[in-house]
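Single chain ahead, by itself, as structure tokens, in the form predicted alone.
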């Protein structure tokens, strides 16, 4: 069966109503992010790609879950509210009026590592064996893992929930994954026969396995690797799942010609793309919405979010790029920040301790040292001297500084917006530019220097005399730290 094709006569129920009590955050775990994406979106996308309509059972914090789904997915999901969380069997009961397919797929919402081929293989086995119910199993030897245990023997199979199991967990290492495929006809007949647990007062979908087995109606199992069906019940398990997901992503980009210097120190989100020949340094954070071109060099401890970077660009260490567009053959950093929909065009240089915000830096232009460019439009081949600040805010409004092509801005300039520096103009170092500078003109805006002959020696002597006088005063009063003010007070 080919991947990403519709599985006919199938409908899914995703269980997403739990209280996530073990997270201890007061939030639903399903909106916690793994590699930049809410956990509930991973299994939901698998079902969307298989074109399987979904009934999602929500309860605790249903508004946040529904908003997450609506902001990211299509209209093929119907939300069903479980007023009280009384177990998985009760959750399925809440959906019965919406069943439209011959077979109902039931799965937990906290399965970020699930793959489409598991669903496809389960459907194939369910169909070929004509089973009333089929489910996924895995082997996991941790006795502390809160998974239902699959018990088989004497032509009988059952699942005992972790809360109810009183056997040897280290010996019973076949666990229930929480993915079931059930004939609607069987579900209609037997769901109402579930009995409430005496220990938890809940109804469990797992009891249907024993019912089908006892009535010889056919039960099939599909064994898969545990890492594919890991659930997430606390932050430790979320961390483990994210490490696996991150490893999958990094290994994929390695196979596409990307080198990671220390791969396990890199943070990378699920939708990041990277071109062949690119190097990713230790501690880099490549966050959601980032697209990096070919043959780039992303050095250590850079952070990139929601940004497109063209080919052969270098980001030096500790550079932050957020919500911007970086051209090809650009150099940025170290310790630079580019954000606010800024554009750095081909061949430009943004140097150390330079911040660019809501600005455009043209082709081949340079701002190499200690500069702030806010709401600034710079043309091509212009040079911005060290210590330059574009003063874009007057306390009430933001204003634009415009610097045309081939402009030379001297060091330590203050450009008071709105102001324009026209083509091939220059400004003198130390200037405060408040008026436009015409083409090919030199703008100078600073006080004229005055040299006082002999004053340096005079000032030094006065300071030495004052220090000597103060030292004598403190000795007279027998003090070692008394200031002039304290002496006067005495």
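The model shown is predicted, which means the values in this text are computed figures rather than measured ones. Numbering follows the first chain given and starts at 1. We call the rigid core the largest set of C-alpha positions that still match within 1.5 Å between the two forms.
As for the form predicted in complex with a further copy of the same chain, it is not shown, yet the points below apply to it.
- From the list 110-118, 186-194, 357-365, 147-155, the contact stretch for a further copy of the same chain in the model of the complex under a 4.5 Å heavy atom rule is 357-365.
- When a further copy of the same chain is considered in the model of the complex, residue 215 lies well away from it, no heavy atom lying within 4.5 Å.
- a further copy of the same chain in the model of the complex comes within 4.5 Å of a heavy atom belonging to residue 262.
- In the model of the complex, a further copy of the same chain sits beyond 4.5 Å of every heavy atom of residue 227.
- a further copy of the same chain in the model of the complex comes within 4.5 Å of a heavy atom belonging to residue 255.
- Among 73, 393, 79, 99, the residue placing a heavy atom within 4.5 Å of a further copy of the same chain in the model of the complex is 393.
- Interface residue among 207, 311, 202, 242 relative to a further copy of the same chain in the model of the complex, by the heavy atom within 4.5 Å criterion: 242.
- No residue in the set 46, 53 and 125 has a non-hydrogen atom no more than 4.5 Å from a further copy of the same chain in the model of the complex.
- Contacts with a further copy of the same chain in the model of the complex, taken as any heavy atom within 4.5 Å, map to no residue of 201-215.
- Annotation: Cα of residue 457 displaced by at least 2 Å between this form and the one not shown, core superposition.
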